[in-house]
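Below: one protein chain in two forms, given as structure tokens, structure 1 then structure 2.
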Structure 1
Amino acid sequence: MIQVTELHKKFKTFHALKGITMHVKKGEIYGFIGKNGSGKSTTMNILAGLSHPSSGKCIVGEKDVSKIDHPSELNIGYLPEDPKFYPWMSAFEILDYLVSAKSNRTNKGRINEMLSWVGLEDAAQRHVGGFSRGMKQRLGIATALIHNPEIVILDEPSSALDPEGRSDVLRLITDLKQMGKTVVFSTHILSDVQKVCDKVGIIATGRMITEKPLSELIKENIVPIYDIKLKLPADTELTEKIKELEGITRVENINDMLSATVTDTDKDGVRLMQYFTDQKLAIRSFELRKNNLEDIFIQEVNGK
């Protein structure tokens, strides 16, 4: 659905994108993460056809973004990072105005449906000039989806939203996935990425440093350490004995928690478990240590 190859973007004096390559398949939920100023919004602006690439190819849907005459030819739904509205118009009037671009009849039903979907039904007739940042964000989400597009690009959709709004956004993204839509969104809330994304792209200083399915990324970054808690605290003798087992490279005993570093997570795990059973040692917990996305992110961004 989206194919980006070697995308570069130079501003007057600043080289913001230095080779972004990304692939998004139809029906995929793509999480776009990176530090502040790494180039997420710049990339998404180009994907939306609003800004022109300095070099590189960028295909959205079936269209090449540098060969279109008007951004709307891409037929996508786009939520900018900081959506701006006419302050002298009401929420309803804005949606009415925007809907009219592609259909001649005003579709009152659809507009009201969208407004209540984003929780603005009570504010529909108020002028947007008086809206809070979060209310504008909600209205922005409604405008992005008003034409029911196949590809949806959301730049930090949950920024400025209250906790309920944030979970609403996640619900929306899963709804869109169920409808078979393709969604690309950027965010700083990595737990959200972990909850809904199929694929993750990590970008740092204008380069795509990692782009993988989420499951693969997590699997690759598993640390081969088992954390074991026994009923009776392990003594030094036990620690030494475990260390002698095949495949175990290191054992630590901190705060009554045994941490065994292994070479093969699967085989050595079974072996460890077997040992405890043989010794008739009661186990309280036996866990493979997990790296969360936060750790992976920090590792990727700083490591490479």
Structure 2
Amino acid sequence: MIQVTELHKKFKTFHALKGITMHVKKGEIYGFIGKNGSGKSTTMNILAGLSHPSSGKCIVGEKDVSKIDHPSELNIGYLPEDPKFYPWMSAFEILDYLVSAKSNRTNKGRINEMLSWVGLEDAAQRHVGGFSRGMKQRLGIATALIHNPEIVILDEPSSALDPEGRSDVLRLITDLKQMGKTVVFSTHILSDVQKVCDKVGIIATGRMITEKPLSELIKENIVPIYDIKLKLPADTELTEKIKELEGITRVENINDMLSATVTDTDKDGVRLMQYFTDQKLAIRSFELRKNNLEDIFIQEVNGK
């Protein structure tokens, strides 16, 4: 559905995208992740037809983005990071405006269906100016879907939302997949990606660092990590001594929690515990965890 090859984008002397390549299959939920300023929004704007690449190929559906005159030529639904609406209009009026602008007629059934789907049926006649951020985000998704596109592009759809609002947005994204839609969404909230995505693309400083199915990426990067909470905070000297133990490949001390990456779960776990016992260091907790997407992201961006 989306094929991007060696995509470059320059703004005068600033080289924002430096050869991005990505592939999104029909029916996938694709998570496009990276730090703020990494090039996510620039890429999303090109995918949505709002900007043309400086060079490279970007095919969305069957359209070459560099050859279209207007974004409406693409059969997509697009939600910008911070959607704006006329505050004096109601949710129903906004969707009605979008429907009638394309077909010159009102489709009350379709509008009510979309408002119900995003959970705004009870707020259909309320002025959008009084909506919360989460309600506006859900209305934004409804506007992106009102013309029933095959591809849905969402730029930071859960950014700045509270946990309940993020949960609502993730539910809607999952529903889109069940409806047969292809979804691309950018985010820096990695736990959201891990919950719903089929494939992940990681971007850093305008370059695609890796692109793989989420399950494959996690499987390849399963590294056992022990999280240790001591009764007294660990100092730099203790951290350095633990790094010197056999089988320990990495040690981090964040918020008084020691995180030790090991090569052998059983042997190195016993070795760690024995070290703390020998040093007479009181332990509050000693837990084994597996790498999550955040750990993998840090490894990939920092070159492992």
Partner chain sequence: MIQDIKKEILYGLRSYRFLILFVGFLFFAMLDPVMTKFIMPEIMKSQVPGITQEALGQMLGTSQLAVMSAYMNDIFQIGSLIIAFTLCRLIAQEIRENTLVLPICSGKQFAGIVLAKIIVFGTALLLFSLIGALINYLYSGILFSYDLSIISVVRSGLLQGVYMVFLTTLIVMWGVIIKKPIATGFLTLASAFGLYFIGGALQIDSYLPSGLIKEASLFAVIPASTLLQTLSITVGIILVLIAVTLIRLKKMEWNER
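This one's a predicted model, so the numbers in the text were calculated from it and none came from an experiment. All residue numbers here refer to structure 1's sequence, counted from 1. Heads up, when I say rigid core I mean the largest set of C-alphas that superpose within 1.5 Å between the two forms.
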Label of the structure corresponding to the form predicted together with its partner chain = 1
Take the rigid core as the frame of reference and indicate whether the C-alpha of residue 130 shifts by 2 Å or more between structures 1 and 2.
-> yes
C-alpha of residue 247 off by 2 Å or more between structures 1 and 2 on rigid core = yes
Taking the rigid core as the reference frame, is the Cα of residue 59 displaced by 2 Å or more between structures 1 and 2?
-> no
Using a rigid core superposition, the C-alpha offset of residue 88 between structures 1 and 2 in Å is 5.2
Per-residue C-alpha deviation between structures 1 and 2 [residue 140; rigid core superposition; Å] = 2.4
Following alignment on the rigid core, what Cα displacement (Å) is computed for residue 285 between structures 1 and 2?
-> 13.7
